[in-house]
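You are given structure tokens for the same protein chain in two forms, set apart as structure 1 and structure 2.
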Structure 1
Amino acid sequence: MADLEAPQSKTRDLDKLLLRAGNLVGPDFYPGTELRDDMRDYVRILVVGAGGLGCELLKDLALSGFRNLDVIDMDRIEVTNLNRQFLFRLEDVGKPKAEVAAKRVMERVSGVEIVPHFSRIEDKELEFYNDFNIIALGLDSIEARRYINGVACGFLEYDEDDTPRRETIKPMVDGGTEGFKGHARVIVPGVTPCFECTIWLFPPQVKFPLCTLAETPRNAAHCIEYAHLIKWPEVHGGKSFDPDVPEHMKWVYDEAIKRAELFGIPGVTYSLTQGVVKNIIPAIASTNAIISAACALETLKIVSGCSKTLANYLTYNGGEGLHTKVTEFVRDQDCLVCGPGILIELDTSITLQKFIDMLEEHPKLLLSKASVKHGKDSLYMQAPPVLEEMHRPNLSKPLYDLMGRVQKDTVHVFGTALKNEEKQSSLTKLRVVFKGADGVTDMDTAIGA
């Protein structure tokens, strides 16, 4: 009887995976308490997004033995979040999601340390992301996924045989939900398909004919898109609309209400306005929980090697009964993001300014307002103004000199690119080769200049 009442270890279930061998373990799996302790003390995981899926991910990862977590999210809590984002309460409305989510999980799971970041993902330096062993995505935006995918793939380096260097691989686990449907996927840059390799999986956003919006709106969505696509440019001129700025969204909502009243159309709400403009499909708590569990398990398997990882895309459909399927997609060998990089040959005399101008004209890039990074060194930054001014003198210097006079190396460029007729943030890796630079002397360079 005494044995039955003895307290059970908090790591009992985890120990069954980490303390013993098995038939499905990875090649680098070494069972033992040391593995469990190292995972707890040294592994750092970044959770991107603190919404419905992000809240579940934070909780699941903390309960899976991970103790060093960070979470980044730029949104504040709204009343409409409370039905599915279980870490938030009514008194939290208006507060940053990342900060409240981190606080609540730390209150419930002893020993876990979660660092919140209330900011845009683009505002963080690239080295910030390099500090983590794995990045777990709980996003509802294709553009945000593409950006993080570009960042993670940007750390990837290849050897002379175009084989990925293992120490530069930054794994990602991506989850997403739409109503009763969801997916979980493992992305190992250079090994499995990255997000860009399978961008065709995401259907194009539904677009309404402008003539319908302008002349014969028939439902609430038409009224909202009229305010968004027609009225906003008409009133604000060249000022771009930012769906993440509450004042902008409120303006569109107010105009949509006026439009709906004019045509006697009911149903325009603020939450619907957000959904139409951001193309958001309402989330369901149970779907979030299922997909989060799959993502947390894959994270554990990647870190520990206790089992083979998902190969490599799981889909879930709970709309009618329950259906799950795993599909192994194939990596695009010519992918511009996770591949070895776009090859660009340059003269040693090309200045950084001329190089940036070339990026805008390159048919595979069409990159405007580019910032350039070589290794850990920023060669030029477009923003903020203080950094732009600091790096401005580099514009007139030869790129060859700024890169340490090496014959070839990798640079990362970040800017705005035109994709699917829309301007989007883009991070791309380039393989720069300087023509005739092998064995070039100072005299040769001086003559060539």
Structure 2
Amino acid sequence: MADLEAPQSKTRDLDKLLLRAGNLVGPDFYPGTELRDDMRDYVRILVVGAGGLGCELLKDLALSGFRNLDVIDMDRIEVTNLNRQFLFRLEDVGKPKAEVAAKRVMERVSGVEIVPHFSRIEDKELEFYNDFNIIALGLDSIEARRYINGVACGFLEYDEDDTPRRETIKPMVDGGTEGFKGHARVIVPGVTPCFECTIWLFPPQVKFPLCTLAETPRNAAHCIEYAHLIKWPEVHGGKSFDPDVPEHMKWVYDEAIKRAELFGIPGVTYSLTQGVVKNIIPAIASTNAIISAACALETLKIVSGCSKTLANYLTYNGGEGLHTKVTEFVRDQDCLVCGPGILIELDTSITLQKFIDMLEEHPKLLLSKASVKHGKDSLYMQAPPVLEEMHRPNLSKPLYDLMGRVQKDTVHVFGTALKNEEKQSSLTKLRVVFKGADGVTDMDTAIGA
């Protein structure tokens, strides 16, 4: 009994999920045009990465009822992207990925607004990330994931009884691919494990022992890494190796060939040289499409509640037959990033300088050159010099005063931490509690009640 005169809905298929009640749905699902229209008009989603996963995510989200998207990526388009990053053409090589991706999707899906950000994720203010309802990650490195995870989990606040406060929860969906393999996961800070809680899932990167490279090379990769890591610094001193400069890559290749000939080792090719030096991950369109679709589907479900969600980690392997598996990982209660925060008890007299020094000694942190932030206020910044100078007077003041004389609150500290013998940028949450704080008993009872 279809009324041929009535205008067809653009979201004809989505309507079935958003406008109709269901049985296997999320806890706060209110089907109807209001839900659909609110999603379209008010929900903001950030897509991190505009590469293999990012391009697919933007398309998938634009066609899942979302109209307000932002995308951030610091890279420019390269020829080797074109076999899968379908929003880019040969003429686009050299242009910023985020900008071209945004433009192309907006051209095809009318009504969608995509704001591109051609920048590093670390260069954005923390508050930038807080503007979004949900963050979708299409990244290719563990470090970048850890960073965003730290930021999103940084917004999380806990109640007195250590329950996460709903309005501070910033969900993320994260995808990753390599060849025919991939994963998609849902991270709800405070509820599901965050990236840091399950960091053990990622095996350490393969590194060749130095003595193998220097003394007993056996295969082509050893010869290449010798040229890259040992011979280059020897010959070029301070000049750092840039894999994107063809002359540098050719130099490494020629040296690798020489070494291989010396030891009678076959197999050094230019392609292998690039692969080893740049740590190239093979990639195809299909796996990226599959994983992004899974991530976008979860995003749709989390935001709308129109169905139950993935709990919480999906692995995919399409090379040997087809295998998908769902694993429900559990949170690490003591997680430094998504947990209530490492408890630091201080005297009200401790200065900011002393606090920063303590962070370096603290066994769970070992954080050097720390910058300190309390909510929106930067208490101290190590860099740039202009801001460092501006905040320097704070160092001699009591932290208790700088934090507005509250008995306890969260601070975020950002610096260099020593993890697995490697120095890494680290953003961590601390729960600071002041002992013997006076005039605080009123607040205490207020909270207790």
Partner chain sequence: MSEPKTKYDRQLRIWGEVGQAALEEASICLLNCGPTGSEALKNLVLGGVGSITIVDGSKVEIGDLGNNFMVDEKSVGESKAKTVCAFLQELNDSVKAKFIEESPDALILSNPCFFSNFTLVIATQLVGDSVVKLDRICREANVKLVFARSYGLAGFVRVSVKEHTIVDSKPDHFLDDLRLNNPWPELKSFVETIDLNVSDPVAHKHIPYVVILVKMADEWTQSHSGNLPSTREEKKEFKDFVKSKMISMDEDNYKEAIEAAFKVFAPRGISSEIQQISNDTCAEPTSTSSDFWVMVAALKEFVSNEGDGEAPLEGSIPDMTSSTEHYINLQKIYLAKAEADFLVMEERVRNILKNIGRDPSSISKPTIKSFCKNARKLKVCRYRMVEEEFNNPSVTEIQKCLADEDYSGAMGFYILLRAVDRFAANYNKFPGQFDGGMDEDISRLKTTALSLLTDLGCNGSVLPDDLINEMCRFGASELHVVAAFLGGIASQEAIKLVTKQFIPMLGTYIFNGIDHKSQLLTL
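Heads up, when I say rigid core I mean the largest set of C-alphas that superpose within 1.5 Å between the two forms. By convention here, residues take numbers in order along the sequence of structure 1, the first being 1. Fair warning: this is a prediction, and the values are worked out from it, not measured in the lab.
Matching each structure to its source, the form predicted in complex with the partner chain turns out to be structure 2. Superposition on the rigid core between structure 1 and structure 2 places the CA atom of Lys308 less than 2 Å from its counterpart. Once both forms are overlaid on the rigid core, the distance between the two CA positions of Gly404 between structure 1 and structure 2 is under 2 angstroms.
Relative to the superposed core, Pro384 undergoes a Cα shift of 2 Å or more between structure 1 and structure 2. Core superposition places the C-alpha of His248 8.9 Å apart between structure 1 and structure 2. On a core-based overlay, Gly237 has a Cα shift of 6.7 Å between structure 1 and structure 2.
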